[in-house]
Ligand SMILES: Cc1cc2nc3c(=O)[nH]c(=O)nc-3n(C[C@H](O)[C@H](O)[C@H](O)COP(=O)(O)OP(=O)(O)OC[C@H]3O[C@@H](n4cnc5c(N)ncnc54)[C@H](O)[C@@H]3O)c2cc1C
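Next up is one chain by itself, shown in structure tokens, the form predicted on its own.
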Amino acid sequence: MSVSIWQADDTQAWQEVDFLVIGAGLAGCAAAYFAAQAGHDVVITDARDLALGASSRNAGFMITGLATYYHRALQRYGQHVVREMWDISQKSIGYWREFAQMGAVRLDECGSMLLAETKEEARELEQAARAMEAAGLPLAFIEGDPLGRGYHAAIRQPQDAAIQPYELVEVICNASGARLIPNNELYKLEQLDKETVIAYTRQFRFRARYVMLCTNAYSPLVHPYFVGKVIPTRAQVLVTAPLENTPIVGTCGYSDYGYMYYRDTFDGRLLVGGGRNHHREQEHDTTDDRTTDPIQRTLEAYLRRRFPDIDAPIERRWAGIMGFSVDGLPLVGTLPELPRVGFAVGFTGHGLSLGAATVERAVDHLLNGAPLGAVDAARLH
């Protein structure tokens, strides 16, 4: 981030910190929790406030796996990496369920449904389903349209769920016991010696033993290491007024190769999001989280086409900035020449699928040098 000399002139008050987390979203609060479990005293700071980025602007889907069809993932990453990422995903969602139970977070154990918009996509879905079956993964392949809305096939994953994401982050933050310092931009990092990092922020200069960056889409603004590795990408959503009868019951759905998604909210609204594949240049490589007319028109058109029985007004629109890694897998490691500064970023729109177990590895690696496996950012060096 950039901070002017008028906002902070490097004479800010000092704070001594054991373990400093930069970023108060889902990943940052999970990192704080795992660091606290390892016996460390933790401070979280953020340029805004708790969960005000993509962590509370998403659809709240806890969907097992990667952001691509299983057979395509096998072709791209290989069987070993795909299965490792599947295990990370299962473990992450297990952690979220545990946190949800701690604080009565609203959670719908509805499973998920990946729907085919076209006959071509239906053939892709069947290939994905057969590859998943061969790997022994839980799913049901459905020929035809399970919702009666013009889809061509579906994969149902019964183990998935939908959650209230802001409530989840609140509970994790509280469970960590960390002190939160909001509205506090980071603008410089230095490592003075083997055990001391100086983090310059607008309000304080932190002298920390360990620093963990959980800045996801905003990572290229924090350190040049992330430029070209993490691409900020905008996602947009709309929701209707509360409905008497919601059209999506017993599942949360996504289609068009994952570019469209929809669910009922906990107060009976229909949420529709996505559409960025129709406006790639506008939604790619931006940190502007305003909604835009082209995407919102795309979402409204989709709502009318697939859910013509819905005549309720649209009551809210919003956007969030996701951090896409250049190869679709999260990036974990320590910064070059700053070995006490770790990071866990680049969740590619699947922070609720992959975040907890990925961050757990990141904390273990920073504290103990534990191996990182498939999420090791060194693969891009």
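Computed from a prediction, not measured in an experiment: that's the story for all the values here. Numbering starts at 1 and follows the sequence shown.
Missing here is the form predicted in complex with the named molecule; even so, the following discussion is about that form.
Taking non-hydrogen atoms only, Gly333 never approaches the named molecule to within 4.5 angstroms in the predicted complex. Residue contact with the named molecule in the predicted complex: Thr64 places no heavy atom within 4.5 Å of it. Using a 4.5 Å cutoff between non-hydrogen atoms, Val42 does not count as a contact of the named molecule in the predicted complex.
The named molecule is not shown here, but in the predicted complex it comes within 4.5 Å of a heavy atom of Tyr218. Residue Ala59 is the only one of Ala356, Ala59, Val341, Leu329 with a heavy atom lying within 4.5 Å of the named molecule in the predicted complex. For the candidate spot formed by Val222, Gly320 and Leu352, every residue has a non-hydrogen atom within 4.5 angstroms of the named molecule in the predicted complex. Partner contacts here mean any heavy atom within 4.5 Å of the named molecule in the predicted complex, and among 140-148, 290-298, 118-126, 236-244 they occur only in 236-244. If you take 128-144 and check each residue for a heavy atom within 4.5 Å of the named molecule in the predicted complex, you get nothing at all.
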